[in-house]
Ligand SMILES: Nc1nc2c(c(=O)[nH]1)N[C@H]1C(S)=C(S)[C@@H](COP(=O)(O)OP(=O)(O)OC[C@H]3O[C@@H](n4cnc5c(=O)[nH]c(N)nc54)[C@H](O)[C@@H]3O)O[C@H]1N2
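Given next, in structure tokens, is a single chain: the form predicted on its own.
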């Protein structure tokens, strides 16, 4: 396929694009009082911040006559600028979801049968505490592990650390952003961060490689993308699928899946050999440039053509387009970047391309974020563990700077380097988040205790011994959010309405469990507001002001090197490492090297998956407001391939992967907007939990089809775009 250049660049204003998918800015003044109204007549507004995804946008919730009415963006919030995405405005549906968990449950039959007895909180926490004490006595406290997602897990982490285990992990590292963070750390000595430090609003050339802005609804970035499009920035999109972002592009490159690194190396070959890079920037900040440049010699556009399917003229044209706009060129680092197993090196290549263009620390590239200094609460010291973390034994993956979920899973199955006998799972559905569902179930069957804390009855909850129903984010306080961003600020999440049934906030669950474990000394505060007020006051700020506004802004620091931001690189050389001696010393390629991806079985399609703007992972399909926007997913299939198979749009099929796993039925979307060698589906559907009555059986689960994965040797991430499927008509 050749690139699709647009004959006429669409002039779409930022306001028009944002308005298409986002709620309008709130003009209502903040109320002086910020407590749940509890039946009070009239309208009251309470500031908080969203938890439908991890972006944590500031929100204003309106309560009318004691009932949750609507949610809008907080105009004080630098992240959302007063606008929420479709998921954020649909947060009301999480509160009113009739499928949500209502009371603590204890399993009465075999694991996975989803048969429960409703119990009191005392009974549930006593059950957990007794078994955690038994595990500690028999195997040591390190035999408990915590899987957690989001800021809500803070207090459960505190309890588990006080209990004595170091084994805690989040899927966000090994299954999402980890390879990106490692690739950028190896190059610049620093992470991209979350939210990412991408200066999209000021970029003149934005390059998206498999990054679906507008579908993966990261609020700030989507608003800035609209701004960039509106003022005529050059957009280059590399993707096997013609995404929403691709529809705004000057150049669309429909790349063969799995060959991104070949294209990145060819781009860098052009920029180096034609001397289009930022020579002053490289000379001032770079280390090992000569060795790096020499390694690119063979990666010509002509070499890359048969690998990627992108013709040499287009490779050169897009490389020159990037160089023409440097340093205000941003090659986006992406978010969910666990694709093929070489993802840390692919992400390092993205970092190196940005380094050639001089975009790190420059306007229109990557700014230097900052945060407010909010002291931690003065807790007693945690007990020292006699055993180290077990997720990465012998540092097999030497550049994993966070814990590996799959490493904990492996240790649970094998009992090595020591046994794991208990899991606590908070706000993450491991059966949808981790690759190879069978391995996760096998690990669960080795446990003496599985506790799930969640808002909805997820598939993982169906295997639990104890299920604890959490209050939604609109019903609870959480820890403070001193955001690391362009404009530093402190955000507060606080309850807007009461929980409708016997749900409890995570901080209460963590505190009560600690007390039952004899660890009450680790919670010297009586309630969450005492804790929050202490930290805010210690920072020299006003807790009443924070409750009233929801946001307190900090002092903005220089964003770019030429504004005075320090040009510091926490690498061994103290510079940007074009050639990595630490990679070489560890036995890895000091400059990324391309290896062709393995092909699938004859007649199969590579399985690709991603996000939708109205859903967040597998957490929102039972939300009636959001499921009304998308109730089931579809499988994108190239129109020519569909014709060959005798399929058309809205036909139902089942997907069978290379290992014989068969999906639920799913509708076909026959389209020219995807290459003929792959299919695509939105993640998070095909629920099998009987408790999710509304979402049960709707669409197909990509997670069930991801039975194979390639482990990144540098950092242990799981490349999951290595599965292939065939389509079987549903008769």
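Numbering follows the first chain given and starts at 1. Small disclaimer: the values here were computed from a predicted structure and weren't measured.
FYI, the form predicted in complex with the ligand isn't displayed, but the following is about it.
- Within this chain, residue 615 lines the site of the ligand in the predicted complex, having a heavy atom no more than 4.5 Å away.
- Remark: residue 720 counts among the residues lining the ligand in the predicted complex, judged by a heavy atom distance of 4.5 Å or less.
- Within 4.5 Å of some heavy atom of the ligand in the predicted complex lies at least one heavy atom of residue 216.
- At a distance threshold of 4.5 angstroms between non-hydrogen atoms, residue 706 is in contact with the ligand in the predicted complex.
- Listed stretches are 561-569, 431-439, 292-300, 266-274; the contact stretch with the ligand in the predicted complex is 431-439, by a heavy atom cutoff of 4.5 Å.
- Each of 87, 255 and 336 places at least one heavy atom within 4.5 Å of the ligand in the predicted complex.
- Checked against the ligand in the predicted complex, the residues 453, 536, 411, 262 give one hit for a heavy atom within 4.5 Å, which is 453.
- Proximity to the ligand in the predicted complex, defined as a heavy atom within 4.5 Å, singles out one entry of 142, 239, 181, 342, which is 239.
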